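As structure tokens, the next two blocks hold two forms of the same chain, structure 1 and structure 2.
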Structure 1
Amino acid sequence: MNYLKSSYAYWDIIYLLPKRSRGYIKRCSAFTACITLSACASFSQDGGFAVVQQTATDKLHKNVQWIKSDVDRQQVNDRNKELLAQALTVDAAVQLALLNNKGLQASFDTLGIAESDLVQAGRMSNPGFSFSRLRRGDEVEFDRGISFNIARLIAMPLTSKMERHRFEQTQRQVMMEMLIMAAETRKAYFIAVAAEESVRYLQQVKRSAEAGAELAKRMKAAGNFNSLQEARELSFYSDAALNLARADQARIRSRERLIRLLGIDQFSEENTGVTSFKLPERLPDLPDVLTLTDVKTESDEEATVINKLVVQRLDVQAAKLNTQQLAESLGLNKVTRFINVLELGGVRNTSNQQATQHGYEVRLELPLFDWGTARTAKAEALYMQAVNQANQTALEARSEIREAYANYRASYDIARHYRDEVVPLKKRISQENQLRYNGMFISVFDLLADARSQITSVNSAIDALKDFWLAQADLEMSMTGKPSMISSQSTVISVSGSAAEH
């Protein structure tokens, strides 16, 4: 009520003033209103980054920082040194990637681009000003005019809403890229640790094979081995050396991939003083029970649970926002189909021999040749394309969640089978052979043959444990976005068939 009273009082005062003053004040008021409307569209303090930070806290339990200044960069460097002071854990690896990955920082910059478009859409276009000086004999005429783009002012609510949805869509895409990068870092970490563990094991195998080959040579020289027996041991040594070379190649490849994701280059000038990271010697143990049981494929409520997870996925939300934005674009195209240009302005002509002329000018585009059908048809096609893509995204999301959970369960069962059945059995066989060797019932070559038979099972156990952790990362990712679900490249282990038969 106070606002209405003050408004009435304002207009009462205006009408008490002389006519010329009233016109001047009205023009000033209109200009002030335009400036005020333009000032309403301004940049936010966080640039839309607070939502991304909150997602990192809720989904990853990590901190994320948009580096904009030297102070931010120094804070990140200090945090890097703190995380790299000890053997790298999977959580530390994800945190390092969130802070240092330059590709992720580039994704954050897209927020600034999208917000600039949003602010621009909420601001009025600058008025146009025209001036002319005409002479006819002794008469000199000055024409002055100022015009505003009324069409853009009318469409401003629609364009602002469209840009708002586009900005929210960009936020979800940035969050998606952040979660994907975290999942890829988690997987790269497990692959790198498994590769390091395989290399260490194959180094032991190579040393054993080297000792066996040297012993075989001496046995052959002493006449206790024939050429076939010697060749079998030498072949096994050759295979062991080859397998170690392949494992080392895989180790280097996996480590470099992890370095790229972490965004830490020890040879870069920006990271002077940052030492290289150290990986643990072995993968984390297999948990006794499954921790991710939100998706219960055996339950009758499977569809309900999966649909809830699909709604939470950021790629589905982004596809939905894209559809809404294109629907609003379609509406805008229909509104501006016939009149796309409409400008209104005031005109003031002065002459040294005639009275001053006042008036207004309207400029609009006549729809004689272009009725806007092409723009509308394109907008309709883009909208239908977005609808179909959104439906496909939702369908793929449901399938990916089911696949990721099935892979998670199967990987757990396989890894547990290796842990509880295969490896204990191999260990028991090894212990029995050791007892027989101590009792001089078998030779040292029988012991080497037994160790040879364990190579495949040990590496398979390492790969099974690695696949479980990768499957868990894929399942976690499938609940929030699109998982990659690319199977890891296992270390190729070959054992000489002839040697195995020894």
Structure 2
Amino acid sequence: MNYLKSSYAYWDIIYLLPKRSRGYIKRCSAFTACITLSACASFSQDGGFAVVQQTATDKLHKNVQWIKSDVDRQQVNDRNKELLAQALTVDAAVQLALLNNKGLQASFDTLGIAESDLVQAGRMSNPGFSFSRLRRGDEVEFDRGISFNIARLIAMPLTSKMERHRFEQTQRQVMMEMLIMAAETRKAYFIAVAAEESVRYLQQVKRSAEAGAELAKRMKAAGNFNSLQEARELSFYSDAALNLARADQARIRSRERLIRLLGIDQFSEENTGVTSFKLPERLPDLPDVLTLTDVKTESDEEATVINKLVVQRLDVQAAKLNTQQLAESLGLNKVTRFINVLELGGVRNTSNQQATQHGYEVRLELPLFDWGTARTAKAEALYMQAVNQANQTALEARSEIREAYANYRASYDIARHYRDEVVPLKKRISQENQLRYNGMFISVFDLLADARSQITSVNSAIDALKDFWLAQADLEMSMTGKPSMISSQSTVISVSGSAAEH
């Protein structure tokens, strides 16, 4: 508890301070200067950004840039053009977001703000100067005063330390925001690509239903269908059109969300000349082998493995540091509880009718409420609160990692099942149905209904594949911070019934 010692050392200074302040403003400023010199904080070269950059490299394998100048901006624009030249990959999307997302730039700015606070904390605040002229009848009273926050001066080493914590916390927060943003971008990317794919498939469904509807109209015209049969085929078509409209709506939503995350808007002035991004036609294929298999939720070492991962998590680290910091502030309260309540100011009252008054005043807060055990109890409660919060954070982190991993495994199995079982089976069914159509066992309407059903299963397979990639993004995120775990809103498509069911 070093700070305790140093605090007492400062306490001596505080004690002397009123005497010195009698030496009027000159001495004060001399003292201020002396204190300022004694403080260590100054602006760093990178504004604390290097750590963030390092994290981007380590965890995301991407570059991140804090755009501060036109040169920076130009560099980013060049890189944008490069990245946008071909169909967007998920890595390119994340890279674009890291470079262009203005929210992220804003959080980098928070870093700047936090650093200024840190530097500021290491500097003596400017002395306050007050002047008042009061008139009571003929009496005019001039009141001049100079004041500065002695408490702050005394607490400076401690507040500097706390500001350093805060700065580090901000750094962590910025990193967190960056990682979350990257994860969200990944997810938004997969959702957008899947949505585009879905639209294409639902266009096919619509075309199939359209063909059925057209044929049904002709059947009716030829007298082979009655109104009921025709109406049924037409209703498939109208359902299909509705599904397509919904899918298109989902596509636009997902694309706009991606635009917001990427910070790439072809319509914004800043991006003039930047073409809009082009999404690939298909989601990346399902990997043959899962790469993230170091989480074994079933094994005995589960706790060890997960705890190791938990420790890496930034939110857990932050919670831990928060408790330390609070412990420190608990200690700070113990030694500064007098100081905290003191505000010292030099006062000089002059009056045209009276001699100038010299003196000082000390304002005290009520020690009964804020000084004694009550204040300590609060600090302790705050501390315990932080401890409990840290506990909860760690527990949640463990659970989230487990859930994310289980979700990852399950969605992999589901996607693979779709790829290896459901879709090939549907394909076989279609082939067999084709043979049955050839043999006049089923009608062209059955064939079209089957085509719709096959397409729907392909669409479900796309959804499953998308869910896998989302789960993977969540799992990766769960190892560095809180994953959003929001599965995508699957486009719900009702399978148009088979014509044979009539």
Partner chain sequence: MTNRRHFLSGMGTMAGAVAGTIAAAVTGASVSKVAMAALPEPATQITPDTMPPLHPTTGRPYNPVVTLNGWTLPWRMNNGIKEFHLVAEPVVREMAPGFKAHLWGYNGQSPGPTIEVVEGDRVRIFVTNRLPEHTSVHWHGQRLPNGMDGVSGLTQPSIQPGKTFVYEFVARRPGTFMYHPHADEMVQMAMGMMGFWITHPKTKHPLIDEVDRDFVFLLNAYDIDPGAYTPKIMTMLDFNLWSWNSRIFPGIDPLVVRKNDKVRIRIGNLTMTNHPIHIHGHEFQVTGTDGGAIPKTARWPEVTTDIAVGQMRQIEFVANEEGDWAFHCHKSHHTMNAMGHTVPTMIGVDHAKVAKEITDLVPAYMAMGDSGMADMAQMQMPLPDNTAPMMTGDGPFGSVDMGGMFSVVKVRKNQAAGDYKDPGWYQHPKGTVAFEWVGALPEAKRLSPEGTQAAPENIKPEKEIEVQIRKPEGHMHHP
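Remember, predicted model here, so these are calculated numbers, not experimental data. Here the rigid core means the biggest group of C-alpha atoms that line up within 1.5 Å when the two forms are laid on top of each other. Counting starts at 1 and follows the sequence of structure 1.
Visitor: Looking at the two shown chains, say which is the form predicted together with its partner chain.
Guide: The form predicted together with its partner chain is shown as structure 2.
Visitor: Indicate whether Thr57 shows a C-alpha shift of 2 Å or more between structure 1 and structure 2, with the rigid core used for the fit.
Guide: No, its C-alpha moves less than 2 Å.
Visitor: Core aligned, does the CA of Lys68 move at least 2 Å between structure 1 and structure 2?
Guide: No.
Visitor: Would you say Ile442 moves its Cα by 2 Å or more between structure 1 and structure 2, aligning on the core?
Guide: It does shift by 2 Å or more.
Visitor: After superposing on the rigid core, how many Å does the CA of Gly137 move between structure 1 and structure 2?
Guide: Displacement of the alpha carbon, after core fit: 25.7 Å.
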